[in-house]
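The chain below stands alone and is given as structure tokens, in the form predicted on its own.
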């Protein structure tokens, strides 16, 4: 079961000791007072900021890195997942529209997108991550979003259940943002956790394993493309039998829009005891980054030696950060449960839909998959975005309110785009009641989303 936690987590790891110093009290400047502050510019944050600004809210988006896209660009994920569902043996149906479709359309202009690829019951839409950086810049500009990069949220002030200030740091120093509504799309739930919100962290003390994503160049895509994922897994298992200590043989890969390039999702980052790293611990996160690069070198050697089409392959790049599947999940008014997914529940207050399976990266060489029936999907309720105990705080993305197992499906890129769009639109609607997000009329929110192309009732006939 997930372990509930609350309060401000220490910035130190347990190894850092107990010595302290007192930070000098100081007045800091107010940088901005936006209607809506979105923290984190990944799939959820991009959509949230664009949706809020499109609705007329003065919107500021901050991100800790130098470009937007989060996991999609920093980690070089390689393919959009959770955007389509299987109708039958031959047909796919869309489950995510809205701002995600604008991203697709813009990528196509730059030859940065391929048609959906099906691997058994797994569906991915391959994209080119550098092109996506450009697209992210374009869509925030087109929707009138103000953007501040290289900026981290480092503290939060609250009063009577409201976030009153988010303290930021960047090259200009330390300053404050005073928003009417905050949407935490940080992935790790940093703002909500620092505000004192309750959260869970894994199950029985363990989260899903992270992966270091990487791209190989000089691949014979024609030969490599003839291999199924199970066939590649058999080749990797032969490498294990021959003495290569691969931690994972269940592979995810996407043929890139660039000729000769393939994206691989195959590493599995564990500590010296084989346990997943706690990636909100700074020392463990640092160790995970190093371990990821070590594994990438090993997998490059194995693919060159064992997998046809990869004989001359070389690593082109590694994600600027490890691919994190799970850290904090923030407790909300509702909580997505694994039985909601298994039973394809479509709640009346749903604000996002997906047909993505349960996908658990636990111990062992394999990935645990549990697929929905063909022609089915489930819905994510609005309450999973509304942070328990706070009036003006929403979350969207992989830090949504959910159980450990349910999060393994909802964290995919497609539903993160959809959740973000709903959070941004809802934040804008809440401004008529001083940012009280519980006052948002669900029917009005759903209508606003559908008017902009969001899909709340996928046609999977």
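Positions refer to the first chain, counted from 1. Keep in mind it's a predicted model, so treat the numbers as computed, not measured.
One more form of this protein, predicted in complex with a small molecule, exists but is not displayed; see below.
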Can you tell me which of 218 to 226, 303 to 311, 73 to 81, 370 to 378 lies within 4.5 Å of the small molecule in the predicted complex, counting heavy atoms only? 73 to 81
Consider residue 158 of the chain shown here, and say whether it contacts the small molecule in the predicted complex, taking contact as heavy atoms within 4.5 Å. no
Is there any non-hydrogen atom of residue 422 lying within 4.5 Å of the small molecule in the predicted complex? no
Considering only heavy atoms, tell me if residue 152 and the small molecule come within 4.5 Å of each other in the predicted complex. yes
Since only the chain is shown here, I'm wondering whether residue 426 would be in contact with the small molecule in the predicted complex (any heavy atom pair within 4.5 Å). no
Thinking of 163, 180 and 393 as one candidate spot, does the small molecule come within 4.5 Å of a heavy atom in every one of them in the predicted complex? no
Identify, from the list 128, 190, 291, 340, the residue with a heavy atom within 4.5 Å of the small molecule in the predicted complex. 190
Could you spot which one of 387, 99, 213, 329 gets a heavy atom to within 4.5 Å of the small molecule in the predicted complex? 213
